[in-house]
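The chain that follows stands alone, in the form predicted alone, written as structure tokens.
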């Protein structure tokens, strides 16, 4: 077996998607592993946003057997989903995929990087520790049935350039250089959903990058908050209500979002608003650094 690591091509995407579902579904013990994340697209959406993502495929000859995806959020980077075809597990392929991932983080000049994985899996933890990623606090993947929740916030009144600049001003207060412009552009360019905003007088106080429905990362009948940030608890609460209003307006039944429990105030606010944990993972960060996760950080994003 000779494994070659190279960028994915467009014609690799269907098999990369199949392996992604098969690998996670097999690990989680689903009766039909290929039904994992049915209706959601976590692979093609990232491949189609090359300005802020890098994709790597592991090939045995011309046969794709695994893949990994790295995302640039300015001064922060994360990777995943990293998946390998089950009949190629325990052959060192995941480690081979991580080597160019670390190289791309170095090329991007990120100050901190992380990942989301299974806290109950010694194998996963040991693999990532080889690359100096260390387990920290749990990440709760939470959900709330969507119901009419008052007046929805209006759409952002300005150009995309203004939206990106004001969003950067919000994220920069959370972690210097944090920038999710790539996520905003991906949602708008690929029609994956909407960017929900909350204003405080003339400035942006909070925003959420939301995927909506099938063929996005949300999947059927859901709004998925890929990333959100707010300046304070009041604005964060208003942002959660605005995301729920988006779901109602778009005919979606549930809002889903990931929050790291290190962001204690955000986690408590979500629980108080009726969000309930559906699944837990663990955040691992390189060098065991804190990054932007902390008690007073009103930030959503699970790094899947």
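No experiment lies behind these values; they were computed from the predicted model shown. Positions refer to the first chain, counted from 1.
A second form of this protein, the form predicted together with a small molecule, is not displayed here; the remarks below concern that form.
> Taking the partner as it appears in the predicted complex, which of 209 to 217, 137 to 145, 86 to 94, 196 to 204 has residues with heavy atoms within 4.5 Å of the small molecule?
So the stretch in question is 86 to 94.
> If the cut-off is 4.5 angstroms on heavy atoms, which of these, 192, 82, 225, 180, is the one near the small molecule in the predicted complex?
Contact check passes for 82.
> Answer with yes or no whether residue 292 is in contact with the small molecule in the predicted complex, where contact means some heavy atom within 4.5 Å.
Flag for residue 292 set to no.
> When the contact criterion is heavy atoms within 4.5 Å, does residue 117 count as touching the small molecule in the predicted complex?
Because a heavy atom of residue 117 falls inside 4.5 Å of the small molecule in the predicted complex, the answer is yes.
> Given that the partner is absent here, does residue 128 sit within 4.5 Å of the small molecule in the predicted complex, heavy atoms only?
Residue 128: contacts the small molecule in the predicted complex.
> Hey, in the predicted complex, does residue 168 get a heavy atom within 4.5 angstroms of the small molecule?
So residue 168 does not count as contacting the small molecule.
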